[in-house]
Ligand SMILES: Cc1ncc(COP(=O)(O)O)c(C=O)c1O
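Encoded as structure tokens, the following chain is the form predicted on its own, with no partner shown.
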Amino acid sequence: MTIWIPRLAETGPRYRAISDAIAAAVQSAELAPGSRLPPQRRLADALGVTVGTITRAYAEAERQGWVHARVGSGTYVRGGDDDPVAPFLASRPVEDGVVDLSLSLPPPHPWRAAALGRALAAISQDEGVLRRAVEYQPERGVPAHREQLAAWMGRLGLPVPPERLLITQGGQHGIDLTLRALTRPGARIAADALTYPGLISAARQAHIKALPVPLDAAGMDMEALARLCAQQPPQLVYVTPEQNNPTGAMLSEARRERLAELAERHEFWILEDGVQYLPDAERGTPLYRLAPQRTLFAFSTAKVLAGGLRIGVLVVPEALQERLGAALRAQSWMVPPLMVEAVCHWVASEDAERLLSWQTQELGERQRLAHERLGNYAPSGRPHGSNLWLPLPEGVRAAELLASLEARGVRLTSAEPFCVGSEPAPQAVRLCLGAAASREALARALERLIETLDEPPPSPWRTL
């Protein structure tokens, strides 16, 4: 079987020449996204170098963001089927009777479609709004829209000055925009060792090296981050301080203050992701208030109103407004004005408050139900959060559990897509409680999960 053998430059260190050849092969599509690099010993023999040289070359290529290593599997070109967002495609068909708890979605309710219909009907009757919706607008959004969105966020307990807002096409767009504006290929960023797969995917696409920082029940370990900064500070630290995705851990107040202090001392940016909404009483002090000149805050309508709207905001420090605006203009010129008009009409009406009040209560009931049914398994999740984290009993493997549950009509997510770097994934699963069609559907899924945990299938899927 043939393997990829690079053509190397005649001068310079061998490991650097191999790393440069990998980069060139990825850029020219000679190495396709998702393809596996040759085993190190085989490539070393083919090139007449030591295995250590290949190891160093692969590590350099990973540092530059071209490839990533998977423990026990090999080194792969970034992208392709290994993209961590791949398991979360919303377009995946769901068969009748299947309870899909793999996607972090707000609880379904006919009010969402009805409220959007009323907003669109109001727009259609306003000639001034329609004219504004078909015109080019400033990349950051018109002042009236930013003022309406800032006022809405203030009512949600997230006061922000409208002049610091930049309207985005959702939270994921805000993350990607921030990474591309503030970093370059080969840069280093840091995140919780388990974090939102969209951040991992965006970093891979931008050829940025994401470094894992340990976390516990109080969130990111700030002393571990301090040690990382002492070696080589990252350019940016990504956090979800109110509820880590997937574990639900909340960053303590002491650690928030420590993060703000480290950002000032080591001059890195903080990207604070607040898309996973929680009521004001369950949130801590926003990082954009503790370190306003070092923090960008991403918010979205996805988990509050509807994911299909694709409208969000970035709260941007004054020093970065021109840079982020230029990056957005280069990507899409502006956010579609009609969608922004629809959101602004929606949040200005009583529909938004009524929907969010119902959603908060509904998620609280679903969390209570899940904690009650799974209490023997030590689940964790915020009182009104949409996700639940479940460490598995000793000897139970997540992959086998998910396969058994799929056969029983329940779909969950393992820890693997949330892992930053190449560390082995913990044996745990995430349940998205909001995704179930109803509490009754959620209860059925929980019962099937408990049955699967308590009654091992005929095949030997529990290790001794």
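None of these values were measured; they are calculated from a predicted model. Note that residue numbering follows the sequence shown and begins at 1.
There is also a form predicted in complex with this ligand; it is not shown, and the following applies to it.
Peer 1: Exactly one stretch in 136 to 144, 347 to 355, 295 to 303, 365 to 373 has heavy atoms within 4.5 Å of this ligand in the predicted complex; which is it?
Peer 2: In short, 295 to 303.
Peer 1: Is this ligand in the predicted complex near all of 380, 389 and 414, within 4.5 Å of a heavy atom of each?
Peer 2: So, no: the whole triplet misses this ligand.
Peer 1: Give a yes/no on whether residue 219 approaches this ligand to within 4.5 Å in the predicted complex, heavy atoms considered.
Peer 2: Judged by the heavy-atom cut-off of 4.5 Å, residue 219 is well away from this ligand in the predicted complex.
Peer 1: Report yes if any heavy atom of residue 276 sits within 4.5 Å of a heavy atom of this ligand in the predicted complex; otherwise report no.
Peer 2: Although this ligand is absent here, residue 276 would touch it in the predicted complex, with heavy atoms inside 4.5 Å.
Peer 1: Could you confirm whether residue 104 comes within 4.5 Å of this ligand in the predicted complex, counting heavy atoms only?
Peer 2: Taking the distances in the predicted complex, the answer for residue 104 is yes, it comes within 4.5 Å of this ligand.
Peer 1: If we define contact as a non-hydrogen atom of the residue within 4.5 angstroms of the partner, is residue 241 a contact of this ligand in the predicted complex?
Peer 2: Residue 241: no contact with this ligand in the predicted complex.
Peer 1: Taking this ligand in the predicted complex as the reference, which of 78, 164, 188, 310 has a non-hydrogen atom within 4.5 Å?
Peer 2: In short, 310.
Peer 1: Which one of 175, 316, 328, 343 is close to this ligand in the predicted complex, taking close to mean a heavy atom within 4.5 Å?
Peer 2: Checking each option against this ligand in the predicted complex, the one that comes within 4.5 Å is 175.
Peer 1: Considering only 153 to 173, what residues come within 4.5 Å of this ligand in the predicted complex, judged by heavy atoms?
Peer 2: Contacts from 153 to 173: 170, 171, 172.
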